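We begin with a single chain expressed as structure tokens, specifically the form predicted on its own.
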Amino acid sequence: MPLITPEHIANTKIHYGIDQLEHASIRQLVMMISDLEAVTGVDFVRMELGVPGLEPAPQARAAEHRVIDSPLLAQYPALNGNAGLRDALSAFFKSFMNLSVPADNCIPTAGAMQASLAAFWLVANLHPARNKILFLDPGFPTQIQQVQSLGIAYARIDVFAQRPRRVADQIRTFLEGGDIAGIVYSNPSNPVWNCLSPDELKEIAGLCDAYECIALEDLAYFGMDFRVDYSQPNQPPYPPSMGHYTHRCIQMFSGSKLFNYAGQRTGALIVPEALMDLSSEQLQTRFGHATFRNALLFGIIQPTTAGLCQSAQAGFEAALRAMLEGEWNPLIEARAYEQRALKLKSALTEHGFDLLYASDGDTPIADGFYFAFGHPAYPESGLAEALIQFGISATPLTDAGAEHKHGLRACVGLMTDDDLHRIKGRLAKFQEAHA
């Protein structure tokens, strides 16, 4: 027997203006599930929001406390961030990605979300003809919301549309139109955890150079492709990056997942010197500043957040330095997500569910923070709502540009052993109801 009645679900959907769950935003879904828990008393097994489930560095907590207890709390942060944090970001990218970026080009932001918003806004205004953003899907739907809110045109490519995969060929077709300003991708990806290979990134980098396009590399899940150990600084292997092959690449970095610092909204925009020095009349018109650097600082950061708060900057810097100095290694701790994913995938397949996007070309996709799944009883839609009736929540893939639009994204960030035990019983009831 279901735990949640259709009436409860229908009423909550109405409250949040949701017609179909397949088109609800992630945050709408999160608030809806929280309300259902409050109204029904059912403790959901929650897989819908990408929340880290590990502890931040103790050094980060201590650094924040020091700022809170100091006069620095009364001072506005610099628009380009504190010098110590900029230095730590530069050192981190050299040590863990083998990329040399000047400290002054490592700009702290209010999460990777502000970093991506700024990158989209700037890149789409560098050249009057190149004003469209190309997304390599499956991807993060909130980034689509960002370009839509900014009035920026965009196009989408499903990297799984061709087998064998030929992403560069798909991209070239769009670049030949002459209107693509930037290409967005994530390694690993949210929502299905696929990764573009070094060979693919090198080929795409060549296209960026040939067509004067800028790669926008989303590093929200830095180094978390657990098929390879990227946890050791200053030695290969390094996480694959378009930045290894072209200077036309901006990194959008996050403190949320790897550093378990989501609540403090820390991130950074990492910009090569060749791009920071770009100038255009279009930037001058849009932001009142002709250079990329000044348009970023005075045209975007100043009128939005006016900088990242002092305590969060101190905590983020302390976490980076703890990792650089070998005192703390979240890349090793994060392998807990790999084990949770293995167990959750096993529970789902044992109860009649299918795993979607199981391979990355010829290589199995890593077990990690996210994965995608479906059920044969729901070949088009309805799976998210059906699972909610049994106290399980996951995010539809509909707006992720995914081939399998009927599927759901599972996040194992908050999965506990108790959750894994409870979900087996609920999946058994779901299986019985769909026998």
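Note that residue numbering follows the sequence shown and begins at 1. Quick caveat, the model's predicted, so the values are computed rather than measured.
FYI, the form predicted together with a further copy of the same chain isn't displayed, but the following is about it.
Chemist: Verify the contact flag for residue 136: yes if a non-hydrogen atom of it lies within 4.5 Å of a non-hydrogen atom of a further copy of the same chain in the predicted complex, no if not.
Modeler: Judged by the heavy-atom cut-off of 4.5 Å, residue 136 is well away from a further copy of the same chain in the predicted complex.
Chemist: Taking heavy atoms only, is residue 256 within 4.5 angstroms of a further copy of the same chain in the predicted complex?
Modeler: Although a further copy of the same chain is absent here, residue 256 would touch it in the predicted complex, with heavy atoms inside 4.5 Å.
Chemist: Report yes if any heavy atom of residue 69 sits within 4.5 Å of a heavy atom of a further copy of the same chain in the predicted complex; otherwise report no.
Modeler: Output for residue 69 is yes: heavy atoms within 4.5 Å of a further copy of the same chain.
Chemist: Do residue 155 and a further copy of the same chain come within 4.5 Å of each other in the predicted complex, heavy atoms counted?
Modeler: Although a further copy of the same chain is absent here, residue 155 would stay clear of it in the predicted complex, with no heavy atoms inside 4.5 Å.
Chemist: Any idea which of 158 to 166, 345 to 353, 108 to 116, 93 to 101 reaches within 4.5 Å of a further copy of the same chain in the predicted complex, heavy atoms considered?
Modeler: Only one stretch qualifies here: 108 to 116.
Chemist: May I ask whether 188, 241 and 359 each come within 4.5 Å of a further copy of the same chain in the predicted complex, counting any non-hydrogen atom?
Modeler: Not a single residue of the candidate spot has a heavy atom within 4.5 Å of a further copy of the same chain in the predicted complex.
Chemist: Just give me the single entry in 368, 391, 50, 401 that has a non-hydrogen atom within 4.5 angstroms of a further copy of the same chain in the predicted complex.
Modeler: Of the candidates 368, 391, 50, 401, 50 is the one lying within 4.5 Å of a further copy of the same chain in the predicted complex.
Chemist: Which of 290, 228, 150, 331 has a heavy atom within 4.5 Å of a further copy of the same chain in the predicted complex?
Modeler: Of the candidates 290, 228, 150, 331, 150 is the one lying within 4.5 Å of a further copy of the same chain in the predicted complex.
Chemist: Pull the contact list for 279 to 305: residues with a heavy atom within 4.5 Å of a further copy of the same chain in the predicted complex, in sequence order.
Modeler: Sequence-ordered list: 284, 285, 286, 287, 288, 289, 294, 298, 299, 302, 303, 304, 305.
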